[in-house]
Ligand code: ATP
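Below you will find one chain, with nothing else, as structure tokens; this is the form predicted alone, and questions on how it binds or moves follow later.
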């Protein structure tokens, strides 16, 4: 039996983390028989305005609350400790250096990110080091996505898996808007996270 672990990395701002994230992580873990999923909260993601993102310690606290009852879910907070902008290629290297240098890594991301992956820092190196798992919502027109996956495989020998996840219809943006408008967010995210948002008056 091999000692090599299969580990999923799931990055995101998680602002806030919700059931879409959790269902995706658990579905990928189960389908691919992964040993663990590490949630990687973004520090200063290069594609987002850092001034509009909730404080990193609050986002980290919400992730901890959300994953507390799943023994396979863990946190890699490397990006939160960096002051400068963070890139996936650096996070993957740090994970190998700090956690497990021999693990087979599966990087879980939204299908939309696969469409623009050639804009990522050192993306060709990433194709060599990790297996991508691109998630989309059922019913979406995935023709372009499938074409992109074939293109990346043909041109870069990329290893990419595609999964459809119903719960991805939930979004952090929608949850923030609901809170601002005074609408219910119940059943969109764990009760503990909802209570944390209320107690800390987030997204008002």
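As the structure is a computational prediction, the values presented were derived from the model and not from experiment. Positions refer to the first chain, counted from 1. Take the two forms, find the largest set of C-alpha atoms that superpose within 1.5 Å, and that set is the rigid core.
A second form of this protein, the form predicted in complex with the named molecule, is not displayed here; the remarks below concern that form.
Across the proposed site, 12, 113 and 137 without exception bring a heavy atom within 4.5 Å of the named molecule in the predicted bound form. For the named molecule in the predicted bound form, the listed stretch (28 to 36, 171 to 179, 144 to 152, 65 to 73) containing residues with heavy atoms inside 4.5 Å is 171 to 179.
Remark: residue 193 does not count among the residues lining the named molecule in the predicted bound form, judged by a heavy atom distance of 4.5 Å or less. Of the heavy atoms in residue 189, none are within 4.5 Å of the named molecule in the predicted bound form. Taking 2 Å as the criterion, residue 177 does not count as shifted between the shown form and the other one: its C-alpha moves by less than this amount when the rigid core is aligned. For residue 150, a C-alpha deviation below 2 angstroms is recorded between the shown form and the other one after rigid-core alignment. After superposing the rigid core, the Cα of residue 70 is displaced by less than 2 Å between the shown form and the other one. Between residue 168 and residue 86, the Cα spacing is larger in the predicted bound form than in the shown form, differing by no less than 3 Å. The Cα-Cα distance between residue 170 and residue 139 is shortened by 3 Å or more in the predicted bound form relative to the form shown here.
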